[in-house]
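To begin, one chain is listed below as structure tokens, in the form predicted on its own.
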């Protein structure tokens, strides 16, 4: 039985950066949503980028090209959150 894909959540250092990320991903027509940073990973308020694990390669490629790299990253499957190190492509 294949393991279900999860949701990758990227947290950035500032709201300014998250707005740049949003503009870039929209311009490239990549699938993502902005969400509040889940309290399970960071009790401070702010926004994060969320997308399906299966969409990670093109999204990470564009972020790498634009030098917009997350401060932290997580994988969510249901109610389970775990660190999910992403690497530059």
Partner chain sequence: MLYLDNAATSFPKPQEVIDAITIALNAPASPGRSGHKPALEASRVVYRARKAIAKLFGIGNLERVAFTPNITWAINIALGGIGLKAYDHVLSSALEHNSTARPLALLAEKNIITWETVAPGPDGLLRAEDFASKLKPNTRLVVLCHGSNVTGALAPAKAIKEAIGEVPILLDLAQTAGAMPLEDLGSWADIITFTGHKGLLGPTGTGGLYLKEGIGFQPLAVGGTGSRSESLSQPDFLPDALEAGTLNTHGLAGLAAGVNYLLEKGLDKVREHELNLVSVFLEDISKISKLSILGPGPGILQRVSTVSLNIEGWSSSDLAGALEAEYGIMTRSGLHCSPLAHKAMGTFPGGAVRFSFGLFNTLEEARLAAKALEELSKRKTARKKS
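Bear in mind the structure is a predicted one, so any value in this text is a computation, not a measurement. Numbering follows the first chain given and starts at 1.
The same protein has a further form, the form predicted together with the partner chain, not shown here; the description that follows concerns it.
J.: In the predicted bound form, is there a heavy atom of the partner chain that lies within 4.5 Å of any heavy atom of residue 80, even though the partner is absent here?
T.: It does not: once the partner chain is placed as it appears in the predicted bound form, residue 80 has no heavy atom within 4.5 Å of it.
J.: In the predicted bound form, is there a heavy atom of the partner chain that lies within 4.5 Å of any heavy atom of residue 75, even though the partner is absent here?
T.: Contact check for residue 75: no, nothing within 4.5 Å of the partner chain in the predicted bound form.
J.: Might residue 31 be said to contact the partner chain in the predicted bound form, defining contact as any heavy atom within 4.5 Å?
T.: No, residue 31 stays farther than 4.5 Å from the partner chain in the predicted bound form.
J.: Heavy atoms within 4.5 Å of the partner chain in the predicted bound form: does residue 47 have any?
T.: Answer yes; at least one heavy atom of residue 47 falls within 4.5 Å of the partner chain in the predicted bound form.
J.: Does anything in 22-39 come within 4.5 Å of the partner chain in the predicted bound form by heavy atoms, and if so which residues, in order?
T.: The stretch touches the partner through 22, 23, 34, 36.
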